[in-house]
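A single chain comes next, written as structure tokens; it is the form predicted alone.
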């Protein structure tokens, strides 16, 4: 599916943020460990979370979808005498978290995904899981992964080699599903949705902070309590709305019900340093996650330097931050972002290719990019951009097109449904000229 966008001024209105993709997936995975029925509201019914539900059903769990509600039943089919097959589609989060769950449950299973997911490196989870006692075979460090029934050790200490919420969550799920004591040493703090959710459901988990990092200790004998759960709005989805309002003329929008977890919303701090007019209103707590409404108005942005310590907290927002940088006066440098080369696409390469198409100068290396911005940037003829099958690249360059006199066409936009199912309708309600071909 191809989509296009063109100059749009005066974006106005109030929209609700779609449910958080990462939290939606965690809610059903952790919910599957409870011994009571629970309901989940605000769930994001997009391709990635639905792939995770499909995998959990294959693992024997009874999960119903009623209108906008997910019901997890406290019943499970016997799967321990057979081999289970799970396909996570394009969901790297679902794949890595389900891998941890399977490793801790003494079952035989095969875990795979689509062609794109099967090219993504998985040794970062395979190696520590095998050290914990799992027996996992792989295709040269990639999916499919074959899990042979095994028992994990009773206690494990692991020093995180990279700041990765997916790796951390994978190991925490392996530990809690096998009643292991796990200590994780994080030199750099990554997103903490899994820790918050485990605590919400009663897990025996503590964190000890120190300068720059933390230790996470999950003790044994966890008695998780069944409680209904409400998913807050997805900050990563909100980021596209935020940047759209900032870079277009005479715009002022409000985004309601946005998760503003401190490990997740660093983009707001960065944009404010760049000169963004952003206000946070109506703060509250929902299921141990901070949530608020965000008001955004058109702003004249300036380039800044973004250092490596910020990257784990903005890793999914770097594509749309790059678009903000295109229309900021001066240089914006992003350092230490090599992890982007192992997402749904090589995102640094995809950003570079898109920047070339819209006439933006840049310098890049294996893990960094410097973007030479221009508040008056424009294109005088139609542009075609390849999303490389990556939903965040597709959405980012459609947002860029809102500033141009000529249309920007982006190829392969069906992938947007993996995280933002009503993307086109939401932007149309604000007056944005974004449409499918």
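The structure presented is a predicted model; accordingly, all values stated were derived computationally and were not measured. Residue numbers count along the first chain shown, from 1.
The following text describes the form predicted together with shikimate-3-phosphate (S3P), which does not appear among the structures shown.
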I need the one stretch from 171-179, 71-79, 357-365, 93-101 whose residues put non-hydrogen atoms within 4.5 angstroms of shikimate-3-phosphate (S3P) in the model of the complex.
93-101
Which one of 195, 289, 352, 316 is close to shikimate-3-phosphate (S3P) in the model of the complex, taking close to mean a heavy atom within 4.5 Å?
316
Could you check which residue among 87, 298, 261, 166 gets a heavy atom within 4.5 Å of shikimate-3-phosphate (S3P) in the model of the complex?
166
Taking 4.5 angstroms as the cut-off for heavy atoms, does residue 419 touch shikimate-3-phosphate (S3P) in the model of the complex?
no
Can you work out whether residue 191 and shikimate-3-phosphate (S3P) are in contact in the model of the complex, taking contact to mean some heavy atom pair no more than 4.5 Å apart?
yes
4.5 angstroms heavy atom contact with shikimate-3-phosphate (S3P) in the model of the complex for residue 26:
yes
Can you check whether residue 392 is within 4.5 Å of shikimate-3-phosphate (S3P) in the model of the complex, heavy atom basis?
yes
